[in-house]
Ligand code: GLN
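Only one chain is included here, represented as structure tokens and corresponding to the form predicted on its own.
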């Protein structure tokens, strides 16, 4: 590992209320990357249905397949970073690939239409999404794991750092969603979607440039050691570059097969779980405490699937709902359907300091819940959000549109739930993961997201389309005949998961290798 001239850590560094400048460099990098990802995602299903002329069920599954692979490839990127490239090289390569993918979508959206008459546009769609999937695999797990590397093992500011970092994610989401919704989601003008993808490509280039500018100056430990550099014993760096076209071809094949032929991603997820479990638990150097901590990561990741499968209806079924079933007019102006996804980012950015203050206050009184219990609260808030929607659509008459109040309330409750679950989970993984598996176990967290997003796409395909002549969707024998039935599915699934995790939370607390640190935002 390369080092800068030796520096002595200030004796109060671990207790300082300020944070290293490297945190804000990662904050800015992640903000622009999330602008790119969430900005594109906000309009993706509308682009697929209104420009590429896909039906809602197919577009939902296609969206689910894409977002699932986005979270699956960090398994590969985390492994390559740990063994060959290091965090920095992986982030730079991933950022450039994602920018290229967004520009490819721009060209796809410049010649849009159904596959029967616009085959090139559809192949460019697959290529652009495929390149972004590969790029994200290198980018996402590595920038998240670098946050914890800026602090010592005993530094109590680490939870606060992840909360600040998480605010950067949501600030980027807000900016990206706002801009792409306003310039790309224009009723009756599907040609406008291309400008959304162009803006996302430019944002991704900005994030990559910011990271490259500040990486050597700011990304170091409290004692001055550079973090995220290429491993000293690394070999085959250029060989990995040579394998990138092969990886892209495999990803494109999987995406096409899963969307057009037969389910391919679900079996891959199962293989990934088995493979990564073997890689980790077969390591004889792990201590008993290490194994217990890793088991906690796997268990909470399982419950995270239920959270994100329901939460990620925002860019899919909830956008269909906002587009067709909700009164979006305010002061005589009809808001774009996709812009309502911004509510989550607004609530998270505003609520993160408040939530951090709550945990800090409880911690001072010795009453702070353990991390798994916080996450069960997050699942309960998710179920409550869908319960509000059930009240809004109950006995809804044909042609009647629902007040936007119900969707606003849903996003508020979901955002509170997200703050109870996502930053807490990221910090938990960083605290419990052995150093040699830091990036790989962060990728496990994203593997849960991969399964959840795939399930989210499937669940969104069950959305009851009043214009469809097909039979009512069926889930485990339950016929989904209306919106009330559809939203009630998420109330039950999230509610049951919340109850089970609540019952397990205190057992999991005993298994954890490190105590919970109060979450505070400096």
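Numbering follows the first chain given and starts at 1. This structure is a prediction, so every number in the text was calculated from the model and none was measured.
Here the subject shifts to the form predicted together with the named molecule, a form of this protein not shown in this document.
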Counting non-hydrogen atoms within 4.5 angstroms of the named molecule in the predicted bound form, say which of 490, 38, 47, 66 makes the cut.
38
Of these, 166, 386, 197, 85, which has a heavy atom no more than 4.5 Å from the named molecule in the predicted bound form?
166
Find out whether any non-hydrogen atom of residue 312 is located within 4.5 angstroms of the named molecule in the predicted bound form, and reply yes or no.
yes
Is there any non-hydrogen atom of residue 418 lying within 4.5 Å of the named molecule in the predicted bound form?
yes
Would you check, heavy atoms only and a 4.5 Å threshold, whether residue 303 touches the named molecule in the predicted bound form?
no
Is residue 174 close enough to the named molecule in the predicted bound form to count, meaning some heavy atom within 4.5 Å?
no
Would you mind picking out the stretch of 328-336, 75-83, 304-312, 401-409 that comes within 4.5 angstroms of the named molecule in the predicted bound form, counting non-hydrogen atoms?
304-312
Is every one of 317, 460 and 484 within 4.5 Å of the named molecule in the predicted bound form, counting heavy atoms?
no
Mind listing which residues of 191-215 have a heavy atom within 4.5 Å of the named molecule in the predicted bound form?
none
